[in-house]
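Only one chain is included here, represented as structure tokens and corresponding to the form predicted on its own.
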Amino acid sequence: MAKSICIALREGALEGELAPALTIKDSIASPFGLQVFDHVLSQLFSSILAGKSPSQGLILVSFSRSPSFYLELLKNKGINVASSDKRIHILDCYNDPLGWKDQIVEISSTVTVFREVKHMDKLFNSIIELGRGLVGGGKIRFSIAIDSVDEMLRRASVSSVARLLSNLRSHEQISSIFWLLHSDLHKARVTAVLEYLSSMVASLEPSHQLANGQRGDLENFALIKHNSKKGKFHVRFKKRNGRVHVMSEEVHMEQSGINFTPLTSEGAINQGLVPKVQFNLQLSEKERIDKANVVLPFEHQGDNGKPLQIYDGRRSLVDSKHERAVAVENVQTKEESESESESDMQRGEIIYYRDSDDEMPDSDEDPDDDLDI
């Protein structure tokens, strides 16, 4: 599934369509967003260098980490940044975001310092200019990675940030774009706005929810340690036909980096669509067996060779016919015996069958007598 989002970003946008946009969303309960961002970044840039993507370059907007970190990251991934400097450019919004420093030594020709992060319009123009400097003009496309939307929201309004992302996605030279969001730092409506702008939303959740939602309880320490190495990774895809597809995986933190594996049978049931509650909605194997052995009300279990039947509140047509036939046979037998013993006497009997056991007996009283009509 992580491979699917990398493929979607690699393939980019078709002619006349909006660029694919990915929101990577995490929280303090499952803080693996930066690792997922690094994985997607390295995979996309490797595809660009290999010529497998229509995108010819990558603009990385760094807010939360220095450009030197990303240069070292790509180097550790086996990417020679020195020979590929014409395919990537880093817009440094980390070292001097407010323009307070007189002079900053740029560590590489692939890094440009940006000092006016409060102005989203100027940020948009800088990104487009750097992208055109990489790939040129015309219809040649490039991709964009933003490592922290949270820093943008600290210094600008939600509407201006949303306008920036929307303008980038609709620009004719943008092939794809993705960004990272720490969802627990913002109100639900802010997260909803950014998800609305995205064609893919990757959510990270803990493998085990803490009891009562508290992190300080002693009983939760083992779960906290477990969640620090493992989590659930849910991705929601918005298809071109309007349908939404949800996929899930498990994410593991290892010495070599982040690793994605299929969900176990227990976790595959949820798929991230069950609302978060403070009790367990799943059944254990013993609970499933006990549930199957429960005898439900009005359920006949085949006693005396009878077939299994479920009472539906009314007598079936077959049962009614059978009962009528038995009753008529009994009446006839009784009449014959009575005619033999008392031939001079004639007797009659009224047989009435109610349509339902819930039907009230007939009464001479009018139920509407109390109404003033």
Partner chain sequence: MAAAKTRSSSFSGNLSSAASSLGPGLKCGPNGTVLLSSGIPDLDKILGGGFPLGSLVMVMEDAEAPHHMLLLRNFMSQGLVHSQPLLYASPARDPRGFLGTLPSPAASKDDKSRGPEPDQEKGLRIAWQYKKYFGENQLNFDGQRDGKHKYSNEFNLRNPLERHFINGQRVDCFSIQDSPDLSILQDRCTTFLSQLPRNDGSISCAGRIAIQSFCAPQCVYSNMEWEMLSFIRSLKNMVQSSNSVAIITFPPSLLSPSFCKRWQHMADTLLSVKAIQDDDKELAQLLTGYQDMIGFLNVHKVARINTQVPVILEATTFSIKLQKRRYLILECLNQAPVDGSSGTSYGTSGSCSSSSKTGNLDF
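This structure is a prediction, so every number in the text was calculated from the model and none was measured. Positions refer to the first chain, counted from 1.
The same protein has a further form, the form predicted together with the partner chain, not shown here; the description that follows concerns it.
Heavy atoms within 4.5 Å of the partner chain in the model of the complex are found in one stretch of 126-134, 89-97, 240-248, 70-78, which is 240-248. The partner is absent here; in the model of the complex, the one residue of V113, L263, L153, L197 having a heavy atom within 4.5 Å of the partner chain is L197.
Taking a 4.5 Å heavy atom cutoff to the partner chain in the model of the complex, the contact residue among S109, N293, S159, S284 is S159.
Taking the partner from elsewhere, A192 is found to have a heavy atom lying within 4.5 Å of the partner chain in the model of the complex. The partner chain is not drawn, but in the model of the complex it has a heavy atom within 4.5 Å of S166.
Residue contact with the partner chain in the model of the complex: K232 places no heavy atom within 4.5 Å of it. Contact check for H182: no non-hydrogen atom falls within 4.5 Å of the partner chain in the model of the complex.
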